[in-house]
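Below sits a lone chain in structure tokens, taken as the form predicted on its own.
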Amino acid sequence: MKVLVYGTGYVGLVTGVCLANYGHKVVCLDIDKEKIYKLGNGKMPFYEPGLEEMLQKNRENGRLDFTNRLHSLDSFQVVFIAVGTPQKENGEANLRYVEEVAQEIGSMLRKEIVIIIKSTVPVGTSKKVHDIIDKAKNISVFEEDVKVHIVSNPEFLREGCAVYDFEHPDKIVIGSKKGPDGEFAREMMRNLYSSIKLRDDLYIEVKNETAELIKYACNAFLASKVAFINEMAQLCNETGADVQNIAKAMGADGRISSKFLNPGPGYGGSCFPKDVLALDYISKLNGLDLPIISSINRSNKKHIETTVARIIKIVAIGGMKVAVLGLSFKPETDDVRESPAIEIINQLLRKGVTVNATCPKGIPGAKVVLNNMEEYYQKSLNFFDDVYRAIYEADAIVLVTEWKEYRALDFDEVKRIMNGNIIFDLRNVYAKNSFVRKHFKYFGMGT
């Protein structure tokens, strides 16, 4: 099939590259000329394991192209809208870019194609996009009456595992009009995804409004599991219980499962905080007060504050040096948006602590985020590619993100080169390491 993807951010680029890898002819469009130039030369705008190699391969075999302008949709059978929906201050998703794309699509629409909304959008967006396109095509230079087909197809890609998730999805959700009016779109989507092996009951066809809400419901529920186990970790810190054994017992219950029951410094990234807030906004917009939904982000924020306060209580002495390991919000990504590491670093610097920060992929993004700090703080912040250089002469280590590189550190060497012996293990990576427990002042999360 011939596919057009609007947007080369995380969702759009992964979708376009992976579809091309399945044999579809894909064009990715973005108004950012510099980004399109780099992509055309096989260079990725962000880090995602395996994606750059897949992009280059499909560029070379002619199945993937990039452009920043388009004058016709005639050659395409499906069009993805995968542009950003940034969050407004009140939590509402900003649909400006989605609406601008819809307007452009409508102005060029003169044959029956399927428009697929891949962006995370609130309930009712499909209807809004349909109306924008329908109005734009009616006032265009083309007089033919072309039927508009809108599909809601939310993404469920995990940063760091996106290629695998696309090729091995646990579900595919297709939202369309009910009954015969949606059959053209549903049949087109079945053909588009026919190469992906999936049980029939996990290919879920629903109406648009249901599909739009499914994405928010999934992320909010997962965020609630993270928030819950983090609260349990706090309780374990005070009572002497072990949160890892609690999580193990909970995870053994088939009604709960063990996924997302790993305590940490708090969730971050571009999805959980934004989607939970958006879902809370949607509920209030519909006259509902949903206390569980509205409490999830508050719990996460409070947990990050509690974690920072626990660290500061022990290490926030002027002149101390702390090595912060991991800046991205999770391993295998360079995304530092809403990363707890950023807040931890900010608070340590404000207390007069010198921070040595290291991360396999997150340093460039962290430098951008932290660039707005006062000059005094900037002088106390150092970045190192090598983890042992970051640890050298440090009084304490704070492990924030559990990159593989940090799981098997040479602790004989660490002990030798550190000035102090404090380790804050915010991911419980070293909880069962007897050497660490014996030779360092070890502080885990609920252990």
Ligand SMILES: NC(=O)c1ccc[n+]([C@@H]2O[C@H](COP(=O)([O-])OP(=O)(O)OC[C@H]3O[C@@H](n4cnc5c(N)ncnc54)[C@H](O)[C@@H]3O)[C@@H](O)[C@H]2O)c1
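Numbers follow the displayed sequence, beginning with 1. Given the structure is predicted, the values throughout are model-derived calculations rather than measurements.
What comes next is about the form predicted in complex with the named molecule, which is not displayed.
- No residue in the set 262, 326 and 387 has a non-hydrogen atom no more than 4.5 Å from the named molecule in the predicted bound form.
- With the named molecule omitted here, the record of contacts in the predicted bound form names 92-100 of 251-259, 92-100, 108-116, 178-186, defined by a heavy atom within 4.5 Å.
- Contact with the named molecule in the predicted bound form, judged by any heavy atom within 4.5 Å, is made by just one of 53, 32, 393, 412: 32.
- The single contact residue among 321, 137, 215, 303, judged by any heavy atom lying within 4.5 Å of the named molecule in the predicted bound form, is 215.
- When contacts are judged by a 4.5 Å heavy atom cut-off, residue 446 does not count as touching the named molecule in the predicted bound form.
- Contact annotation: residue 174 falls outside 4.5 Å of the named molecule in the predicted bound form, judged by heavy atom distances.
- The named molecule is not shown here, but in the predicted bound form it comes within 4.5 Å of a heavy atom of residue 157.
- The named molecule is not drawn, but in the predicted bound form it has a heavy atom within 4.5 Å of residue 84.
- Interface residues of 1-19, taken as those with a heavy atom within 4.5 Å of the named molecule in the predicted bound form (partner not displayed): 6, 7, 8, 9, 10, 11, 12, in sequence order.
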